[in-house]
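Presented as structure tokens, the chain that follows is alone, the form predicted alone.
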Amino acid sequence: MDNYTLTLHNLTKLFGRRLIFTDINAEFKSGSIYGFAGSNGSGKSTLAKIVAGVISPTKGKVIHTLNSKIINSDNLHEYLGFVSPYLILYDEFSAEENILHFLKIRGIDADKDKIDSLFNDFNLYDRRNDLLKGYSSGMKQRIKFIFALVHNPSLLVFDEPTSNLDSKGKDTVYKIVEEEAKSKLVILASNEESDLSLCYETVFVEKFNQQEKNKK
């Protein structure tokens, strides 16, 4: 198992004059599942985006290390698998073409056995050559997990991971999350109790909103 560590140091985010959260300090290590929790609009997705390098914090640092070596932010995508509602898929491509296009952009060689295995895991193998425009929202959500896992990353950040999934789809995701967490660092950003029940430790983002503290 690779020793992946994520450290948040005095992490603060504002949008304009609106404080989202302030002074989050935490450390997460591979081999476990952690949660970012909070009500809608609390900042859990913002925190997930910052960890994934999608947006920058206003203040503070996010430090990624693998086997005690700091990962440069420009190379983070090589180590990261990310699932979120705002990821864009190409409806005019088939599911498999989407995956191959993603790998080509990243400069990663396609592992046909790995790709086929993931399509099987998410019960999409028989639909892999269908155009995505014919996929349901739940099927597209499962494709996002294949995107996240296909390059075998050390860090998995799943924002609202079970949105649009039925109970069978959720069970599939939970099984894979628990399996991946044996050797990787997994973070779930969610307000679903069934998602958060998998987590070893949870950051409740609203506790770090100073404006909310001052209201109480």
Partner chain sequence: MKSYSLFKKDWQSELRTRYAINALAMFILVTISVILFSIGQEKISKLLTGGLLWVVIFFSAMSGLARAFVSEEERGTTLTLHLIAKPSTIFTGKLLFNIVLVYLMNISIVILYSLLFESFSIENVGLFFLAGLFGSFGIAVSSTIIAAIISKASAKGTLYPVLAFPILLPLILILLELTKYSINGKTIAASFIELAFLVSYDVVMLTASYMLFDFIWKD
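Positions refer to the first chain, counted from 1. Fair warning: this is a prediction, and the values are worked out from it, not measured in the lab.
The same protein also has a form predicted together with its partner chain, omitted here; what follows describes it.
Answer yes if any heavy atom of Asn75 is within 4.5 Å of a heavy atom of its partner chain in the predicted complex; otherwise answer no. Contact check for Asn75: yes, within 4.5 Å of its partner chain in the predicted complex.
### Query
Given that the partner is absent here, does Phe102 sit within 4.5 Å of its partner chain in the predicted complex, heavy atoms only?
Looking in the predicted complex, residue contacts with its partner chain include Phe102, since a heavy atom lies within 4.5 Å.
- Item | Heavy atom of Phe82 within 4.5 Å of its partner chain in the predicted complex | Looking in the predicted complex, residue contacts with its partner chain include Phe82, since a heavy atom lies within 4.5 Å.
### Message
Quick check on Asp111: any heavy atom within 4.5 Å of its partner chain in the predicted complex?
### Response
Contact with its partner chain, no.
Can you work out whether its partner chain is within 4.5 angstroms of a heavy atom in all three of Tyr86, Tyr90 and Phe147 in the predicted complex?
-> Every listed residue reaches its partner chain in the predicted complex, so yes.
Fill in: Listed range touching its partner chain, judged in the predicted complex by heavy atoms within 4.5 Å, from 187-195, 168-176, 26-34, 55-63
Comparing against its partner chain in the predicted complex, the contact stretch is 55-63.
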